[in-house]
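Single chain ahead, by itself, as structure tokens, in the form predicted alone.
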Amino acid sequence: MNQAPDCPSPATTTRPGEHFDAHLAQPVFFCAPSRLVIADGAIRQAAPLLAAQGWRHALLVTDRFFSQSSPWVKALVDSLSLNGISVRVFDDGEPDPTVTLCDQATRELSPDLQANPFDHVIALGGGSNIDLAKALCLTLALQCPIRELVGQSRWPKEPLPLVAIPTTAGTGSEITPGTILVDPASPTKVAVMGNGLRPKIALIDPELTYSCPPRVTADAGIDALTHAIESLITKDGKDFDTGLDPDPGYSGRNALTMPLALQAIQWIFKALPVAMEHPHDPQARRMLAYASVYAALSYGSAGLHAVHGLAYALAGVTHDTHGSTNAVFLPYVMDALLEERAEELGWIAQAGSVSVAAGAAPAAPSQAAALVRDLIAKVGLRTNLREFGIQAGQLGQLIEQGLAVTRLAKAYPAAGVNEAYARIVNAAFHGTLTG
């Protein structure tokens, strides 16, 4: 691959640490769970920790796989009971939860509020279960349909406290301020955002990811990679439009988020192929768990942009998984930002080239997108829109619906966002990279 003409070579770019020094003037608004536990076997620490908060009545949100085909729900319920915490299990979680499911669950669970009012909610599972639990923290507290809360970040009552125990390494929902739901009345997914939705406690247990099927590992790993890369190359904090919100969920990249993102990228390049081939490799699973948390800590403050906006549009058409719809756009968004983010793409290229061959020479910034696309293909995910069954006549719809996710479109870190989205979608359709 030839280096793009106007991009500095890695030898002429500053080292990451020096670049982060230059970002010390960026404003920082950083939120994270008040308690973050990362350890093999962390789930066994849950009950004593929750009891120490004074909580006594839990709602556990999960799905039938975990309640019927894993030992974790029973073990957690038994441990909570021994620690004086009663538990109501709701196990009707499903992939890509809908606003309809949330409202049905609210109606089903509301009678429990009269007898033993929940004082906290526990989410066990992937990002879908955590997103559903976040939504229920609001709707059970406010007793209203979730659609009424879309677009709001201030509520008349605080949501119920949430404890998130993820079973995948990628979603980052255990860190972030939003819940993403499918709305049958909307062409794209809808979001309810606010820092009050960030979990109070996140327990990250790499052992829970050992049983993930290869496709789930791939989806989650590339989702985490997307979070890290998008937040590394998003708008600077000084340029980010928070709408003058004094308590913003997302506020642009800064000297705190960028090192977290870069470390996550390095870990994912190194560990994801290993975990795909050796699912019980403890070091690879730990590395992916840490990478997911680091990426989420980064994007949970810096924010996301074109990849996720277009992925939501694609999911509205195909209903494919979140990781796969992110994956197909990620290299092409990187490629579109080669001029604006050459330095950061050089760091990504170096991480990718070193993972391919020990002692390899640093790759050029123009090679970053291709290295990421190679990793996506290696773990079995699709790399162009035609592989999703998308036809040329549908590209305009994807562009329009991607731009309609305005909270993400406005964070795109270059001028001419409409034209940029069009170029990205067309490149993703044909599978073309300038590098």
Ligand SMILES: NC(=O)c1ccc[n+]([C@@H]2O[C@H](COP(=O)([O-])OP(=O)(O)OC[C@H]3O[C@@H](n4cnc5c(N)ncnc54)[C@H](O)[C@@H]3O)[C@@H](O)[C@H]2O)c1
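Given the structure is predicted, the values throughout are model-derived calculations rather than measurements. In this text, residue numbers run from 1 along the sequence as written.
There is also a form predicted together with the ligand; it is not shown, and the following applies to it.
Undergrad: Within 4.5 Å of the ligand in the predicted bound form: all of 65, 96 and 208, by heavy atom?
TA: The answer is yes: all three residues contact the partner (heavy atom, 4.5 Å cut-off).
Undergrad: Given a 4.5 Å cut-off on heavy atoms, tell me which of 120-128, 241-249, 104-112, 338-346 is the interface stretch with the ligand in the predicted bound form.
TA: Residues of 120-128 come within 4.5 Å of the partner.
Undergrad: Pick from 179, 231, 139, 350: which residue has any heavy atom within 4.5 angstroms of the ligand in the predicted bound form?
TA: Contact check passes for 179.
Undergrad: Give a yes/no on whether residue 299 approaches the ligand to within 4.5 Å in the predicted bound form, heavy atoms considered.
TA: Within the cut-off, so yes.
Undergrad: If we define contact as a non-hydrogen atom of the residue within 4.5 angstroms of the partner, is residue 160 a contact of the ligand in the predicted bound form?
TA: It does not: once the ligand is placed as it appears in the predicted bound form, residue 160 has no heavy atom within 4.5 Å of it.
Undergrad: Can you work out whether residue 226 and the ligand are in contact in the predicted bound form, taking contact to mean some heavy atom pair no more than 4.5 Å apart?
TA: Outside the cut-off, so no.
Undergrad: In the predicted bound form, is there a heavy atom of the ligand that lies within 4.5 Å of any heavy atom of residue 200, even though the partner is absent here?
TA: Outside the cut-off, so no.
Undergrad: Can you tell me which bits of 142-173 touch the ligand in the predicted bound form, meaning any heavy atom within 4.5 Å?
TA: The stretch 142-173, when checked against the ligand in the predicted bound form, contributes 167, 168, 171, 173 at the 4.5 Å heavy-atom cut-off.
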